[in-house]
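Shown next as C-alpha coordinates: one chain only, the form predicted on its own.
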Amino acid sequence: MSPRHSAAEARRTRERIVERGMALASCDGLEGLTIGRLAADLKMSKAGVLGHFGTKEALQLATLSGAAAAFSRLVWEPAADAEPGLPRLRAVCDAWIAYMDTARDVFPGGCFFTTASVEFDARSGPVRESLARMHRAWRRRLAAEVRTAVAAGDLPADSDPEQVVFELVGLFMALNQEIQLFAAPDAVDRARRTLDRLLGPRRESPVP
(Lines give C-alpha, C1' and ligand atoms only; values in the text may rest on other atoms or scores of the structure.)
Protein backbone atom coordinates (compact mmCIF):
# COMPACT_ATOMS: atom_id res chain seq x y z
CA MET A 1 0.00 0.00 0.00
CA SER A 2 1.37 3.44 -0.91
CA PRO A 3 1.96 6.03 1.85
CA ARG A 4 -0.87 8.13 0.39
CA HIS A 5 -3.34 5.24 0.54
CA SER A 6 -2.11 4.32 4.01
CA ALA A 7 -2.70 7.87 5.26
CA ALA A 8 -6.17 7.97 3.69
CA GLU A 9 -7.09 4.65 5.28
CA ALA A 10 -5.85 5.87 8.67
CA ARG A 11 -7.96 9.00 8.29
CA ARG A 12 -11.07 7.00 7.42
CA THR A 13 -10.50 4.70 10.39
CA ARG A 14 -10.13 7.69 12.72
CA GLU A 15 -13.35 9.16 11.34
CA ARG A 16 -15.18 5.87 11.96
CA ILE A 17 -13.95 5.82 15.56
CA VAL A 18 -15.04 9.42 16.13
CA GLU A 19 -18.46 8.85 14.56
CA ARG A 20 -19.07 5.82 16.75
CA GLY A 21 -17.76 7.74 19.74
CA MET A 22 -20.24 10.55 19.06
CA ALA A 23 -23.14 8.10 18.98
CA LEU A 24 -22.07 6.38 22.19
CA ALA A 25 -21.31 9.63 24.03
CA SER A 26 -24.75 11.05 23.19
CA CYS A 27 -26.16 8.16 25.25
CA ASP A 28 -23.48 7.35 27.82
CA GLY A 29 -21.53 10.60 28.05
CA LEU A 30 -17.94 11.28 27.12
CA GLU A 31 -16.77 9.56 30.30
CA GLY A 32 -18.68 6.51 29.13
CA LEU A 33 -16.43 6.17 26.10
CA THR A 34 -14.11 3.22 26.53
CA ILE A 35 -11.45 1.87 24.21
CA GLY A 36 -12.84 -1.63 24.73
CA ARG A 37 -16.40 -0.69 23.74
CA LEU A 38 -15.26 1.16 20.64
CA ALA A 39 -12.94 -1.67 19.63
CA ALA A 40 -15.72 -4.24 20.00
CA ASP A 41 -18.28 -2.13 18.12
CA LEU A 42 -15.88 -1.42 15.26
CA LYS A 43 -14.29 -4.90 15.26
CA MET A 44 -10.85 -3.45 15.92
CA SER A 45 -8.19 -4.21 18.47
CA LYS A 46 -7.92 -1.99 21.53
CA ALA A 47 -4.40 -1.07 20.46
CA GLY A 48 -5.73 -0.12 17.03
CA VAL A 49 -8.25 2.30 18.54
CA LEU A 50 -5.83 3.72 21.09
CA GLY A 51 -3.14 4.20 18.45
CA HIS A 52 -5.22 6.90 16.75
CA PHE A 53 -5.54 9.04 19.88
CA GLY A 54 -3.03 8.04 22.53
CA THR A 55 -5.17 8.83 25.56
CA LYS A 56 -8.82 8.71 26.54
CA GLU A 57 -8.83 12.50 26.92
CA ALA A 58 -7.57 12.91 23.37
CA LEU A 59 -10.36 10.59 22.22
CA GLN A 60 -12.90 12.69 24.13
CA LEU A 61 -11.60 15.92 22.58
CA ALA A 62 -11.68 14.41 19.08
CA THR A 63 -15.23 13.20 19.69
CA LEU A 64 -16.23 16.66 20.89
CA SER A 65 -14.74 18.25 17.78
CA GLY A 66 -16.53 15.73 15.58
CA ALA A 67 -19.82 16.50 17.31
CA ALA A 68 -19.29 20.23 16.78
CA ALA A 69 -18.73 19.64 13.06
CA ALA A 70 -21.89 17.53 12.88
CA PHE A 71 -23.90 20.15 14.74
CA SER A 72 -22.70 22.83 12.34
CA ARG A 73 -23.62 20.65 9.37
CA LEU A 74 -27.08 19.88 10.73
CA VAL A 75 -28.03 23.21 12.31
CA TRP A 76 -25.98 26.08 10.89
CA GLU A 77 -25.34 25.08 7.29
CA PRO A 78 -29.04 24.62 6.36
CA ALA A 79 -29.64 28.22 7.52
CA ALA A 80 -26.41 29.85 6.37
CA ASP A 81 -27.83 31.13 3.07
CA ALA A 82 -30.90 32.72 4.66
CA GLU A 83 -31.10 36.50 4.94
CA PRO A 84 -29.06 37.67 7.96
CA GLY A 85 -31.01 38.62 11.04
CA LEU A 86 -34.44 37.28 11.91
CA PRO A 87 -34.89 35.11 8.77
CA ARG A 88 -31.58 33.35 9.44
CA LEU A 89 -32.30 33.09 13.17
CA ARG A 90 -35.65 31.48 12.38
CA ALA A 91 -34.00 29.10 9.91
CA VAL A 92 -31.38 28.17 12.52
CA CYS A 93 -34.10 27.44 15.07
CA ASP A 94 -36.01 25.29 12.56
CA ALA A 95 -32.85 23.29 11.86
CA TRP A 96 -32.07 23.11 15.59
CA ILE A 97 -35.51 21.63 16.26
CA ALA A 98 -35.02 19.09 13.47
CA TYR A 99 -31.62 18.17 14.95
CA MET A 100 -33.21 17.58 18.34
CA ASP A 101 -36.14 15.66 16.95
CA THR A 102 -34.77 13.55 14.10
CA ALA A 103 -30.95 13.27 14.07
CA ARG A 104 -30.98 9.84 15.71
CA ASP A 105 -28.62 8.30 13.16
CA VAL A 106 -25.89 10.70 14.33
CA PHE A 107 -26.86 11.25 17.98
CA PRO A 108 -29.18 8.45 19.14
CA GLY A 109 -29.16 9.80 22.69
CA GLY A 110 -30.40 13.26 21.77
CA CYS A 111 -28.49 16.52 21.91
CA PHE A 112 -24.82 15.69 22.35
CA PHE A 113 -24.01 19.11 23.79
CA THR A 114 -26.77 19.05 26.38
CA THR A 115 -25.50 15.69 27.60
CA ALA A 116 -21.89 16.90 27.64
CA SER A 117 -22.78 20.14 29.42
CA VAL A 118 -24.52 18.32 32.26
CA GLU A 119 -21.65 15.86 32.47
CA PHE A 120 -18.82 18.41 32.56
CA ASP A 121 -20.25 21.59 34.07
CA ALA A 122 -18.84 20.76 37.52
CA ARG A 123 -15.53 19.37 36.26
CA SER A 124 -12.28 20.98 35.27
CA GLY A 125 -9.78 20.25 32.52
CA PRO A 126 -9.34 20.44 28.75
CA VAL A 127 -12.64 18.74 27.82
CA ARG A 128 -14.68 21.18 29.88
CA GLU A 129 -12.70 24.14 28.54
CA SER A 130 -13.18 23.01 24.94
CA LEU A 131 -16.89 22.46 25.51
CA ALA A 132 -17.30 25.91 27.07
CA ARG A 133 -15.47 27.54 24.15
CA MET A 134 -17.84 25.86 21.70
CA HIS A 135 -20.89 27.01 23.63
CA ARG A 136 -19.59 30.58 23.83
CA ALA A 137 -18.88 30.63 20.09
CA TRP A 138 -22.41 29.40 19.33
CA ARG A 139 -23.94 32.02 21.62
CA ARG A 140 -21.91 34.77 19.94
CA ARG A 141 -23.14 33.62 16.53
CA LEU A 142 -26.76 33.66 17.68
CA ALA A 143 -26.34 37.06 19.35
CA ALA A 144 -24.95 38.51 16.11
CA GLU A 145 -28.13 37.45 14.30
CA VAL A 146 -30.27 38.98 17.04
CA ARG A 147 -28.39 42.29 16.74
CA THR A 148 -28.92 42.26 12.98
CA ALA A 149 -32.62 41.59 13.49
CA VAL A 150 -32.88 44.50 15.93
CA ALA A 151 -31.06 46.83 13.53
CA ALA A 152 -33.45 45.81 10.74
CA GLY A 153 -36.48 46.52 12.93
CA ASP A 154 -37.53 42.86 12.97
CA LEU A 155 -37.14 42.64 16.76
CA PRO A 156 -37.94 45.39 19.30
CA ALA A 157 -35.31 48.10 19.60
CA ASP A 158 -34.88 47.43 23.31
CA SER A 159 -34.19 43.70 22.81
CA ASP A 160 -31.15 42.50 24.75
CA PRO A 161 -29.30 40.07 22.44
CA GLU A 162 -27.67 38.25 25.33
CA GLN A 163 -31.05 37.77 27.02
CA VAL A 164 -32.64 36.48 23.80
CA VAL A 165 -29.80 33.99 23.38
CA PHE A 166 -30.08 32.97 27.04
CA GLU A 167 -33.74 32.15 26.49
CA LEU A 168 -33.09 30.34 23.21
CA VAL A 169 -30.48 28.11 24.81
CA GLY A 170 -32.81 27.40 27.72
CA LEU A 171 -35.62 26.56 25.31
CA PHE A 172 -33.55 24.02 23.42
CA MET A 173 -32.22 22.40 26.57
CA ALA A 174 -35.82 22.03 27.72
CA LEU A 175 -36.83 20.63 24.33
CA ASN A 176 -34.14 17.96 24.58
CA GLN A 177 -35.45 16.97 28.00
CA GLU A 178 -39.04 16.84 26.78
CA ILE A 179 -38.06 14.60 23.87
CA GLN A 180 -35.53 12.39 25.62
CA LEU A 181 -36.74 12.09 29.21
CA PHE A 182 -40.50 12.44 28.81
CA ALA A 183 -41.03 11.38 25.18
CA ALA A 184 -43.55 14.22 25.02
CA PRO A 185 -45.46 14.08 21.73
CA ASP A 186 -46.17 17.82 21.85
CA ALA A 187 -42.58 18.87 22.58
CA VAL A 188 -41.86 20.32 19.15
CA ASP A 189 -45.18 22.20 19.04
CA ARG A 190 -44.46 23.69 22.45
CA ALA A 191 -41.00 24.74 21.30
CA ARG A 192 -42.43 26.44 18.22
CA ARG A 193 -45.01 28.34 20.29
CA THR A 194 -42.25 29.49 22.63
CA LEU A 195 -40.22 30.69 19.66
CA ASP A 196 -43.19 32.70 18.43
CA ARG A 197 -43.42 34.44 21.80
CA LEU A 198 -39.68 35.11 21.87
CA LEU A 199 -39.10 36.11 18.24
CA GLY A 200 -42.56 37.20 17.19
CA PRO A 201 -45.10 35.34 15.05
CA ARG A 202 -43.70 33.64 12.00
CA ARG A 203 -44.22 35.66 8.85
CA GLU A 204 -46.06 33.99 6.02
CA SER A 205 -44.18 33.91 2.72
CA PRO A 206 -45.82 36.16 0.11
CA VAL A 207 -47.88 34.39 -2.49
CA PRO A 208 -46.27 34.79 -5.95
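Note that residue numbering follows the sequence shown and begins at 1. What you see is a predicted model; the values in this text were computed from it and never measured.
One more form of this protein, predicted in complex with a further copy of the same chain, exists but is not displayed; see below.
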With the partner left out of view, is residue 28 within 4.5 angstroms of a further copy of the same chain in the predicted complex by any non-hydrogen atom? yes
Using heavy atoms and a 4.5 Å limit, would one call residue 148 a contact residue for a further copy of the same chain in the predicted complex? no
Answer for residue 46 alone: is it within 4.5 Å of a further copy of the same chain in the predicted complex, judged on heavy atom distances? no
How about residue 41 - does it come within 4.5 Å of a further copy of the same chain in the predicted complex, if we only consider non-hydrogen atoms? no
Which of 85-93, 72-80, 119-127, 98-106 has heavy atoms within 4.5 Å of a further copy of the same chain in the predicted complex? 119-127
Among 19, 53 and 59, does every residue place a heavy atom within 4.5 Å of a further copy of the same chain in the predicted complex? no
Judged by heavy atom distances of 4.5 Å or less, which residues of 157-186 approach a further copy of the same chain in the predicted complex? 160, 162, 163, 166, 167, 169, 170, 171, 173, 174, 175, 176, 177, 178, 180, 181, 182
